[in-house]
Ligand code: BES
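To begin, one chain is listed below as structure tokens, in the form predicted on its own.
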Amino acid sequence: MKQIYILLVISLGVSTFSCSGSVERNVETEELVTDSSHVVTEALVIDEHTLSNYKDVVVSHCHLSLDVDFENEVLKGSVLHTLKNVSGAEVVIFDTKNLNIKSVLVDGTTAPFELGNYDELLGTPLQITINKDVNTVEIFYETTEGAEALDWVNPKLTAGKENPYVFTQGQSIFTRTWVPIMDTPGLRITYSADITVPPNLLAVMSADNPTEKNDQGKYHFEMSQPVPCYLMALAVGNLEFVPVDERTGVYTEPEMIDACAFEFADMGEMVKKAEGLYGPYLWGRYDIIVLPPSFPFGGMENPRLTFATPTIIAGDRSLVSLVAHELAHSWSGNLVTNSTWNDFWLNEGFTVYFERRIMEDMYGKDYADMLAILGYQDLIRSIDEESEADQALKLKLNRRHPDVGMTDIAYEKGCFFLKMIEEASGRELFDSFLKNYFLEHKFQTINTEEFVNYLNAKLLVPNKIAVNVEEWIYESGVPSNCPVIESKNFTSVEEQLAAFGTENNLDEINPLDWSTHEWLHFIRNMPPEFSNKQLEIIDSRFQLTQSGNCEIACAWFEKSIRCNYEAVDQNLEKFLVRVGRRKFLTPLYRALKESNRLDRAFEIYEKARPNYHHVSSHTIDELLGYSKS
């Protein structure tokens, strides 16, 4: 069905309530009309996950002056916001959560402030009296034990076992727990920082970075391109740096530096491949820091410095698609950003599509097809687990944490939606469209309706391409025109698995040249009726319980739990205590719960929980119904 969108902009005056009373805002309404009589009327997007008045008082730059106090596990100092009162507001409101606010200066003069009512989801609004000509607001504060963004890593959990370590994780709404800020992806700011740390440690940020320590432990940072504040990031530890090429390199602890440098040897070439697809890399350097295992994600696309989990260090460069993913975010997400968390798919669906294009250019179509099939398997699993409302690309997250929308719906359904458009339009035309999309929206935010309007105007309507855009974006499930990917590699795996299953003959399985992806397909496709004897035969031959590849280990542990293969139990516990990546934790604890082993899940979790970042522990708390009390 062809969809023609007409843009109508109407200026309105509305009143929105804040904790300090009513704030007058100018709001535009976008009315998008399709030929199916579907009408989407949307007020100029106000992010429902911020308490700030970021449309009324616009921050353009912030400067952090912070001391990193490992003894007390706090950051203390100030943040200076440069801003403009565009609406004549009498107060400026910043997001905070569990911060200790000491004092406030407005244009260098002490000013009154008020903390509003605490909201368990959104935190506490910090309201500061201002005038219409205000230029700066400086807030003096300390973090507290409730700083959900911060992970103060016990030295024993680092690679070196001796030095403390701290890192931040701002996405989605955690930046407000370490900086008083307008915490919304709908506002882009530049930032700078002066960070003081113990002299034996190195500080790095999502900004221009030093490559070696200095004697004073004082470091200055500049991020001269505007970014949403969830991309502000800090890490401090016993770090070393090694270059990969003239504009890429790796930070990590000395004990891991050689292994990481080997794993990421192709990183510079990836940047070139990405540029060949969708235009110049606009962020200067592209470096990676490999963090301690408590990091809750595979990677975080902090500009200029991707934060990455050590679980991708497999020793054979088999998991580097994660690097391609985080690199792709330098265009989709960092350059063009979802304006609210309801539009999260605009960040991640585009990035998965771009990631697989990079991998295809680097390692061939067969390799990329395997990734796509595994992604489709993940998508179907998410469809089975999520409510119908949460199966749509455009989310409705009001009064829910944005993290609940960070599922494979956004990543994989978003990717397959773009793949479908590519197939309908042809790759050459679609590549030209995407390249112009990134160019024309660089350093801007965008919502779903704005993207659909652009898609129709620039690609679908001029080229008379009829596709079911509304069904993909606003409806549940996977549409019938989802691209079908085939892989001769996976077909071979399936044939070998079937042959083994009839006779338990290991000679039928020949995995000498298998990649991680073929092993995952093998394990995922083991029939649920496999006996413990069959699992034992496979395990004794291929040592899957002892696998050092975390992707393979996680898949094998989950299959073993669901098949009641108890030989993995000791290694399973070690894995869950050591690894804090939420992608691995969630399916394993869920498998224990659904296999009537909740007591065992709690037994392991009591040991492991102190090693997890808040992002992971919060998810597993809810999954298991865990309470500290």
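Keep in mind the model is a prediction, meaning the values are calculated, not measured. Residues carry their position along the shown sequence, with the first being 1.
Just so you know, the form predicted together with the named molecule exists too; it's not on screen, but the next bit is about it.
S.K.: Would you mind picking the one in G375, G298, P164, G217 that has a heavy atom within 4.5 Å of the named molecule in the predicted bound form?
M.R.: After the contact test, the surviving option is G298.
S.K.: Taking 4.5 Å between heavy atoms as the contact cutoff, choose which of S206, Q171, N342, T96 touches the named molecule in the predicted bound form.
M.R.: Of the listed residues, the single hit is Q171.
S.K.: Any idea which of 495-503, 344-352, 129-137, 195-203 reaches within 4.5 Å of the named molecule in the predicted bound form, heavy atoms considered?
M.R.: Checking each option against the 4.5 Å cut-off leaves 344-352.
S.K.: If you check in the predicted bound form, is L322 within 4.5 Å of the named molecule, heavy atoms only?
M.R.: Judged by the heavy-atom cut-off of 4.5 Å, L322 is in contact with the named molecule in the predicted bound form.
S.K.: Against the named molecule in the predicted bound form, would F557 count as a contact residue? Criterion: heavy atoms within 4.5 Å.
M.R.: So F557 does not count as contacting the named molecule.
S.K.: May I ask you to state whether Y141 is within 4.5 Å of the named molecule in the predicted bound form, using heavy atom distances?
M.R.: Taking the distances in the predicted bound form, the answer for Y141 is no, it never comes within 4.5 Å of the named molecule.
S.K.: Is there a heavy atom of I523 lying 4.5 Å or less from a heavy atom of the named molecule in the predicted bound form?
M.R.: Contact with the named molecule, no.
S.K.: For the stretch 568-584, return the residues whose heavy atoms include at least one within 4.5 Å of the named molecule in the predicted bound form, in the order they occur.
M.R.: Heavy-atom contacts to the named molecule in the predicted bound form: R581, K583.
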